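Given next, in structure tokens, is a single chain: the form predicted on its own.
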């Protein structure tokens, strides 16, 4: 069994012979059991990628390997892949429970199982008290949570979510994030979102797309440089730069502006040990520490990696 829940190799897709490539030889992978982020500007190919992976669109080239069993097949993967499209529309004349039971039946769940799953996912997205409400009576945020619930029915092995927190208020978004985090290790989740702060907070793995290509992928810690880059925010005083360089000769240390010390460490260094050294030298020089940040934010890393 492959360690990847989804592997993409050389994937190409465009909408018309003269149109630019929406996916231009895309190569990327998503580890099994991880909570993954898919990042890219509008037009980068995120929605097209989801559509090809789920069999909504045929590729023009390349390959898709789902769960180590090849490209999507509706019978082979029934109930094993959950999807939330970006602009999911739900029949307003059904109740929340009826809608979810119907979706469960389409996935091959027996009637009793579909009913219990509908109850479970409604509780997970905090809509259980609205189970008998018509979908048409729900607010936009509630309908969005209901759509997410439909993608989680039956605990599928792979879940693709396109902007799942769009339109949710802060409390609803936080609750949904908790629900997704709870699925880590049980299902593989791929979350496409423009909210990079949110993805950085919850994801293990991230894939950065630009113009239909993968420009970088890896763990969030690696992509943001959390193991090598540290920014120290300092109080007043002269930074003992020469003493620091003598104490940490393998580290690159710079003072780009007053109150800042930037540390770039070797890949195999112990940042905790070097932090003790830096804090000691700063204290000896009478320079206070106001805070530090490991790595850059995901947004900064994305802008530095792409055309911005």
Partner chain sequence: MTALRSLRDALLIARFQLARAVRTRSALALCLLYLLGSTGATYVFTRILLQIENETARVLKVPIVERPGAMLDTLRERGDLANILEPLVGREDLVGWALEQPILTIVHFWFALGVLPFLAVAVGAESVAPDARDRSLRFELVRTGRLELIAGRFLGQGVLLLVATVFATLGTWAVAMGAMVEQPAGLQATTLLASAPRLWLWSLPFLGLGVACSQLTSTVNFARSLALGAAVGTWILFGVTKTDWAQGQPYFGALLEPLLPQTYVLDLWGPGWAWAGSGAILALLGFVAALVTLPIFARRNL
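Only a predicted model underlies this, so the values are computations on that prediction, with no experimental measurement involved. Residue numbers count along the first chain shown, from 1.
Omitted here: the form predicted together with its partner chain. The next part is about that form.
Contact with its partner chain in the predicted bound form, judged by any heavy atom within 4.5 Å, is made by just one of 140, 233, 201, 93: 93. Only one of the listed residues (147, 118, 125, 209) places a non-hydrogen atom within 4.5 angstroms of its partner chain in the predicted bound form, and that residue is 147. Contact annotation: residue 51 falls within 4.5 Å of its partner chain in the predicted bound form, judged by heavy atom distances. Within this chain, residue 58 lines the site of its partner chain in the predicted bound form, having a heavy atom no more than 4.5 Å away.
Although the partner is absent from this view, residue 107 contacts its partner chain in the predicted bound form, with a non-hydrogen atom inside 4.5 angstroms. In the predicted bound form, residue 78 approaches its partner chain with a heavy atom inside 4.5 Å. Judged against its partner chain in the predicted bound form with a 4.5 angstroms heavy atom cut-off, the residues 258, 281 and 295 are out of contact without exception. Looking at 78 to 86, 221 to 229, 179 to 187, 164 to 172, the stretch with residues near its partner chain in the predicted bound form, meaning non-hydrogen atoms within 4.5 angstroms, turns out to be 78 to 86.
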